[in-house]
Structure formats: C-alpha cells, structure tokens
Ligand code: DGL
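Okay, so here's just one chain, in structure tokens, the form predicted alone.
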C-alpha cells in the first residue's frame, strides 16, 4: 500500500492572480493540503528586472522549503518566464511553471493558426510563450502584446472604473488587428477582468491557461505518487496589506480569514 504524502502543495504569485490557478487545482485535488504566498509588497512583478524577480522567487522557494512543501506551483506567468530555468534545480521539491507546463497543450489545440498572448511586459519581453509553443508546433503564428496596467486594475479592485474599461478596450483593439483564433490570458490576474473583456470580444475566444495547468499538475502528482488522501489545512501568506488581498481575492476564492503577514 502506497503511503500518502501529506506535505502541502505551495503556490505563489505577486498577489491574488495565482488564486485563479489555486482554485482550479483545489477543485480537482480536494484532498491535498495547501499553502499560498502573495508577494503583495513587490507587486506588480511584470515591471521588475530579471535580478529582482530571481531574488523574490528564491526567497519564496526557501520559505516553502522550510515549510516542507512537496511541490511548488509557479502560478505567476512572469516568474515562470524569467526565473524558472535559472532556479529549477536548486530546491528539494517539484516545481510546476505555468508557461512551460501549458504551452505543449496550447500548441496542440485544434484549428488554431493564429494565437495572441496578452501578458505583462516581463513575460512578453522574454517571448517565453512563443518559444515554448514553437517547440511543439512551429506552424502557429503567435502575436504577443503587453498589458502593463491590468494587474493593478485587479489588485486595486478598480474593475468597474471607466478608466479601467477604456484601458482594457485599447489593448483589445490592438489584438483585433491581428485577428487571432484564440487569445491567451497570459497572466493569472487577467481572468478577473472577464466581465470587461467579454464586452469587446467573444468570451469563447479567451483561453485561461490555468484550466490546462491544473490538469497537468494533477497528472504529474499522480505519476510521482505524491497525492494525499485527506485535506487538513490551507494557509495563506502575504508580504503586505492582508486586508486588501482578502478583498481583491473574492471574485475567485473567498478566504475565511485574513492571510498571515510574512516577510521572507
């Protein structure tokens, strides 16, 4: 009989965005224990340098090591794009980066010849999505566009402001010039904006990579005998402003209490 692994699965992001992944993983793996770290003090990651992002990720990974995590989910597209290859072999747990994990799935989707990626400036500048997708399918034409203000719209819960609506509309007007078959929301914050996005484009055109990512994580944990059989706890940590994190999170995951404030 295989002994169940009760160690937690840990998630991190610059703020509430990673909860879009967290909620989907928890739904299909309800028996796991979980940790989540929102690095709200350093948000938004998309405007940070490579050396800053490596420093942030390394400190969070070391915190998760101390907490005996069995796996870490890089729910942040920006850190997956910029830091994963440089840090992936430095720790004693499995690491799941969102871009590298879902690109093979995106490359195999039927009837896609033109794909648009909307993401943070750091993710776009890395060309991580286009490089990874090309490994599996060189025939897909990938158009990449940055939306530098979208993360703050979510984190500052300004979704219903007219300025925010105009900002989203302006990006989508650029996207329409490319006429893509599908649009990838290449930042975990962006699905929070669906109420605006679907005003200007058909909802079925948008892809939330978290859906594929959650399935990939479940399959890999199963293959490596890392699954648990009984949920006992979930813990949430932030590096600043727990009240704002809790309020901003409510569209995707309702926290029962304020997250713990933790400097790493």
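Keep in mind it's a predicted model, so treat the numbers as computed, not measured. Residue numbers count along the first chain shown, from 1.
The same protein also has a form predicted in complex with D-glutamic acid, omitted here; what follows describes it.
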Legend entry - Contact residue in the predicted complex, from 116, 168, 72, 151 (heavy atom within 4.5 Å of D-glutamic acid): 151
Inset, instruction - Report yes if any heavy atom of residue 187 sits within 4.5 Å of a heavy atom of D-glutamic acid in the predicted complex; otherwise report no. - result: yes
Legend entry - Contact flag, residue 38 vs D-glutamic acid in the predicted complex, heavy atom cut 4.5 Å: no
Inset, instruction - Could you confirm whether residue 43 comes within 4.5 Å of D-glutamic acid in the predicted complex, counting heavy atoms only? - result: yes
Inset, instruction - Look at the candidate spot formed by 83, 100 and 128 and say whether D-glutamic acid comes within 4.5 Å of a heavy atom in all three of them in the predicted complex. - result: no
Inset, instruction - Please determine, with the chain shown alone, which of 103-111, 174-182, 188-196, 158-166 has non-hydrogen atoms within 4.5 Å of D-glutamic acid in the predicted complex. - result: 188-196
Inset, instruction - Residue by residue through 75-91, tell me which have a non-hydrogen atom within 4.5 angstroms of D-glutamic acid in the predicted complex. - result: 76, 77, 78
